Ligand SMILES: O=P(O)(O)O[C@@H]1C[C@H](O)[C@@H](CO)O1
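Before any questions on binding or motion, here is one chain by itself as structure tokens, the form predicted alone.
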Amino acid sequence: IGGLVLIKNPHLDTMEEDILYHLDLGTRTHNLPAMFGDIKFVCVGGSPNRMKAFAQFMHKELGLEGSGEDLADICAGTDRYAMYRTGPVLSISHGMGIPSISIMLHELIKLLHHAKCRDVTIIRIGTSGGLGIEAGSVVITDTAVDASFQPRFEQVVLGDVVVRSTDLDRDLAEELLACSKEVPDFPTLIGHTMCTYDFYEGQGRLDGALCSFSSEKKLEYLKRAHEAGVRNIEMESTAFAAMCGLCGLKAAVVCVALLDRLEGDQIRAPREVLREYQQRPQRLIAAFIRRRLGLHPPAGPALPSSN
């Protein structure tokens, strides 16, 4: 309705106060429309440090006054998530895995609703394991799939399995791909992203504390995933796509591949190489936000801090 963020919960209308516990915010204790009503872009990623670095980077990219070094963590009263705002951009950490991102998203979506935000674009930026692509490639997700390569997010609710769609906004993905031409020093592609509940066995790794399969079985599985269109693997995209889709948020997932899982399991690149890889999604999203706002790139070679 007019670009507003929807909530699919009739019980919220009967509550006198909504406490966003894990964000340390609330409808009675904070003026959410004043604090967040003009937010147009929300970027979420796993690490608090990385999302602070992204907020500082966006501060420079948007040409805002000051250094941005003293950005305050809006969620400083909790140690669960970190949140920073710079201009119309909100930057939030979500931790690792579906349970962690889903808690954050429930409260973030309610926050955007209570703040009466309109026409919000939300993007997950992060790292992933690539599949048949070179390390450092950036994958823009068209569809998030589960470990059976199906475009669905399954959750047990009151003992029943609820299945939700995981389609992401195609036009937004194409727009992001077009923006990648502005940062041409790394490969960018559109593909399926596989989301798992686990980093080790769930992603076919041979190097965890437990492993119940052979290297041949692992390779066969990963090749099947690649044939199904999967180009990278991470642990949040199905829940992210399902929740954002149901609440009317235009959403995208943009992750860099730290390695090609068909070549091995362990990340062996030097730290400085990984640091530069991690900056790639941030640089692409900065170009996208600048283009949306009609801004020119800042002078000089701006890069996210290495924090």
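In this text, residue numbers run from 1 along the sequence as written. All values reported here derive from a predicted model rather than from experimental measurement.
A second form of this protein, the form predicted in complex with the named molecule, is not displayed here; the remarks below concern that form.
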### Message
Would you classify Val139 as touching the named molecule in the model of the complex, given a 4.5 Å non-hydrogen atom cut-off?
### Response
no
### Query
Taking 4.5 angstroms as the cut-off for heavy atoms, does Met235 touch the named molecule in the model of the complex?
yes
### Query
Hey, in the model of the complex, is Arg124 touching the named molecule, heavy atoms inside 4.5 Å?
yes
### Task
Examine Lys60 and determine whether its closest non-hydrogen atom to the named molecule in the model of the complex is within 4.5 angstroms.
no
### Task
Tell me, out of Gly97, Gly132, Pro151, Gly191, which residue has a non-hydrogen atom within 4.5 angstroms of the named molecule in the model of the complex.
Gly97
### Contact stretch among 29 to 37, 63 to 71, 238 to 246, 43 to 51 - heavy atom within 4.5 Å of the named molecule in the model of the complex
43 to 51
### Query
Within 194 to 211, which residues come within 4.5 Å of the named molecule in the model of the complex, counting heavy atoms only?
Phe199
